[in-house]
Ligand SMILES: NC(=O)c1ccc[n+]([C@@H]2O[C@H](COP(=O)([O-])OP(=O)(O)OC[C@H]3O[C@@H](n4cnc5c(N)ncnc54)[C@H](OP(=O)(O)O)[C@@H]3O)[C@@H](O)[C@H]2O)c1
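A single chain comes next, written as C-alpha cells; it is the form predicted on its own.
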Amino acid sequence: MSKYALITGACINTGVAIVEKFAKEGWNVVFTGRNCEKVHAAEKLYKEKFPQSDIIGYHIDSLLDERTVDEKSVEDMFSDLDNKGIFIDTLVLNAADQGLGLEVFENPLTDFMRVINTNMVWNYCLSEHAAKRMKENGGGNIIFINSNTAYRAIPNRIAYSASKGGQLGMMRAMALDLGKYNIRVNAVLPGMIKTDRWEKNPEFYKNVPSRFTPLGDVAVREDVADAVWYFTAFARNTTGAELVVDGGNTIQLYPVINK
C-alpha cells in the first residue's frame, strides 16, 4: 500500500522542505495551508516537481475565532481522505502561530488564547483524528515541530513559549497512551532557522545572539526535514522523544560572540 504523510503548514519555509523530503523518498503527500490561493499554487509546483508522487493540498483554517478551534474542517478533511481511500501513515504538525509581538500588559487575553488554541488544541484535534485511523490500520507516526523556546524563553513570546512547552507535555502523554496501538509520537525542536524572515532581514540576523551557536551556524529548512525523516524511517522503537536541531544553542548558558 502506498504511504502517505500529512504535513500541516506546508506552503512556505520548513513545511516545503518536509514535503520535498517525503516526496524525494517516494512517499505521497497531503499538505495543508491557511491561504487557498497559496495551497493551489504550492500543489501545482509540488506535482510538477514530483510527478511520481500523489500530492494533495487542503485549504484548512485552525480557528473559527480566537476561542474556537475549527474542528469541522479537520473532520471534513479526514472524511474526504477516507472517501479517497487514503490512510495517513505519518502526521507532521508543522503549522504554528508564532505569537509575534505579544507584549505583557499590552495585548488582550484573546491573543494569548489564539496562540494556545492553534499550537495545542488544534494540533491535538488533528492528532486525535489521525490516531483513530492509525489505530484501525495497525499503527502510525506523529511528529510535532516544536521549538527550543519550549526551554529557553525569548522576549515578547510568552504565549508561544507556553504553547511549545505544553505541546511537549502533550506529546509525551500521547506517546504513552497511543503506544499500545503501535503509534509513535515524537518532537523535533528547531532553534533559529534560515527561513524567508532571515533572507529578507540579513542585517538584523547577522548579529542576533541566537545565531552564535557552538557549531557556528543555524539550521536550514532541510535540517529540520531530515530530523522529521529520522523519526519516520529510522526510529522504530522510539516514542516520546525530543530531537533538538539548533546547532547546540540549548546547551550553552549564553552565546559566545567572537568579534
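Since this is a predicted model, take the numbers as computed values, not measurements. Residue numbers here begin at 1 and follow the sequence given.
The next section is about a form of this same protein that is not shown, the form predicted in complex with this ligand.
The shortest heavy atom separation between residue 164 and this ligand in the model of the complex is within 4.5 Å.
Under a 4.5 angstroms non-hydrogen atom cutoff, this ligand in the model of the complex has residue 97 among its neighbouring residues. Using a 4.5 Å cutoff between non-hydrogen atoms, residue 49 does not count as a contact of this ligand in the model of the complex.
Although the partner is absent here, residue 192 lies within 4.5 Å of this ligand in the model of the complex, judged by heavy atoms. At a distance of at most 4.5 angstroms from this ligand in the model of the complex, all three residues 34, 60 and 122 contribute at least one non-hydrogen atom. The chain is drawn here without this ligand; in the model of the complex, the stretch among 228 to 236, 40 to 48, 65 to 73, 26 to 34 whose residues come within 4.5 Å of it by any heavy atom is 26 to 34. In the model of the complex, the residues of 129 to 157 lying within 4.5 Å of this ligand by at least one heavy atom are, in order, 145, 146, 147.
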